[in-house]
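A single chain, nothing else alongside it, follows as structure tokens in the form predicted alone.
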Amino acid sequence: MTHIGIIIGSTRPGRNGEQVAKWVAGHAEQRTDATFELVDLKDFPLPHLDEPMPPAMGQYQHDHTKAWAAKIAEFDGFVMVTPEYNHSTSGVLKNAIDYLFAEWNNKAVGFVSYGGVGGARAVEHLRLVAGELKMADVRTSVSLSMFTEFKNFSEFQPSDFQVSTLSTMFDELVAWSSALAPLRDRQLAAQQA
């Protein structure tokens, strides 16, 4: 069965991302076409990229990189829950993405973002990054405004219409993750040869 990782893309104290990711996971649990797992970047404390070789080489030297690579390799697709910081994603999420290459390849990705304008600019930046990593980003994304979806900018209170958008994003994500399975299988066979 398709296995999707829901990545919490912030480690900031008092972060809103954990509330959002748990909301995403709660709705994901109701689905029967895939399994879902929360992945908290707090559990993978990666320093600024410190690997001597480019990630595309797959020659990881550090245990923290190997643990991160093993976790990401488990999944067929991802939901990235991202804040918007200074018109982009968080540094910690970008750093975590930059650590790896092959582990992201031929997998689908959907986005749930939050910020002053719903995190839309963070998602646009992540779409560019996803393309370079040979990921298929799905069209539908969930954009949560700090002004309308959070009480006092800290208590997550999503509008009902966000649930249907999330469901559409899940539909697209599972379909693309499944469709890309033959490419992942070929890639794995080539790596093992």
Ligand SMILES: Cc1cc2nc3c(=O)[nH]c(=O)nc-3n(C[C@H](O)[C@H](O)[C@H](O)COP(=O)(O)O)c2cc1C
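Just so we're clear, the structure is a prediction, and the values are computed from it rather than from any experiment. Each residue number is its position in the shown sequence, starting from 1.
Keep in mind that the form predicted in complex with the ligand is not shown, yet the notes after this line are about it.
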item: Heavy atom within 4.5 Å of the ligand in the predicted bound form - residue from Y114, Y99, F78, W104; value: Y114
item: Heavy atom of each of P83, H87 and M146 within 4.5 Å of the ligand in the predicted bound form; value: yes
item: 4.5 Å heavy atom contact, R12 and the ligand in the predicted bound form; value: yes
item: Proximity of R121 to the ligand in the predicted bound form, heavy atoms at 4.5 Å; value: yes
item: 4.5 Å heavy atom contact, S177 to the ligand in the predicted bound form; value: no
